[in-house]
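Just one chain is shown here, as structure tokens, and it is the form predicted on its own.
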Amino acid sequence: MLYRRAGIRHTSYRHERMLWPLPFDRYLVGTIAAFLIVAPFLIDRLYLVAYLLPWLIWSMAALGLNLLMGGAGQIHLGYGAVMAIGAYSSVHLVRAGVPFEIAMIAGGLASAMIGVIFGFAALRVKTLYLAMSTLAMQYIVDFVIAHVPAISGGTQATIQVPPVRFLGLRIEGDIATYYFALAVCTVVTLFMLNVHRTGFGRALAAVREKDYAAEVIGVSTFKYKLLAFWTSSFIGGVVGAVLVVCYLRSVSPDQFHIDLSVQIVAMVIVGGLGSVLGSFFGAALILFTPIVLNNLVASIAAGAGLSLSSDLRAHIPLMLYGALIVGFLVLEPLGLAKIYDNVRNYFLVWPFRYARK
């Protein structure tokens, strides 16, 4: 079988440090990558724009937050505000004539700078107290954006994104925006896959497990907590810029409320803290499950000849959606990525169930 560990021995440091040492993993990653590359020519435009593109963008957002929550163990309930800062900064710079590649980086830097300011709270508070401080960031940024006309134009204003170019190529149309989002998602994913193999990633793991123990062995919690907030906020700012340019095509204050922050936190927790694959699983579950359940409830009601009121039809999928999330967390508190890993480990030793995993 392709999915067996038998015969694989590490004979060099290079082989030991491979991201996917098993042939099956490499074939699976290659197949998924090939599908994503040719997807615009295989699937309908509706599925590309309404499903695949937002999934890539929200997966990037979940990856950025997962670096902070899963990598450094710092909770953040204001990630929507981080994305809003990057979105507004990049849009204003583009409207001022700044090239988008510079505006996108500048949006990430603006988010990182403000994120670090609120990240200072992580040096003195933990757990629920840290959650409250990041929640305060969400409300402060929401208020400032909505009530400063120079930023948003007003509470009901919408700023349109002008045509943009990236390295001389126009980002317009379904295919161009999809490939740009895919390219940025690939860069973020590769960074997240490799960060735990660096000294920075190992220091974050030490801070996550026991910050005072990390201090004892020489890891500066002051430095690495701030670096975690900086890096995570930078990714969030870049994702905010990609979101408004590739998907929303406009930016307004109501797009980045607390609901968005809660959704991204749910993606990270349901997918699996500290898991790159889990961020993609969590984004898919949070984005697509309500759509699937809505269609399923409507089909069952029509097939059974049931007459459901509009309110009931709207609330049944929400109740099923909440029950599904709770069920996943009860079944496996470590998230969807751990469920996948359990299945994977089972087939690594199948049919010898007594073999050591």
Partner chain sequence: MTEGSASAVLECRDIELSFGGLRALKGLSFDIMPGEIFGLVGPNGSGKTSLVNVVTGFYRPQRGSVAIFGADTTRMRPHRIAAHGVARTFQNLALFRGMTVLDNILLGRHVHMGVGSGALATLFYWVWAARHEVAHRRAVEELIDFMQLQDIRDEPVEVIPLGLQKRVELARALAADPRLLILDEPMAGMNKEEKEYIARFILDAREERNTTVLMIEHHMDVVTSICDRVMVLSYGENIAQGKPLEAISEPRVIQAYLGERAAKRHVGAAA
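Numbering follows the first chain given and starts at 1. Keep in mind it's a predicted model, so treat the numbers as computed, not measured.
There is also a form predicted in complex with its partner chain; it is not shown, and the following applies to it.
- Comment: 187-195 is the region of 81-89, 169-177, 187-195, 271-279 lying near its partner chain in the predicted complex, near meaning a non-hydrogen atom within 4.5 Å.
- Residue contact check for residue 262: none of its heavy atoms lie within 4.5 Å of its partner chain in the predicted complex.
- Under a 4.5 angstroms non-hydrogen atom cutoff, its partner chain in the predicted complex lacks residue 344 among its neighbouring residues.
- In the predicted complex, residue 202 approaches its partner chain with a heavy atom inside 4.5 Å.
- When contacts are judged by a 4.5 Å heavy atom cut-off, residue 110 does not count as touching its partner chain in the predicted complex.
- Across the proposed site, 69, 127 and 138 without exception lack any heavy atom within 4.5 Å of its partner chain in the predicted complex.
- When you look in the predicted complex, the only residue of 98, 157, 213, 148 with a non-hydrogen atom within 4.5 Å of its partner chain is 213.
- Of the listed positions (133, 152, 255, 221), a single one reaches within 4.5 angstroms of its partner chain by any non-hydrogen atom in the predicted complex, namely 221.
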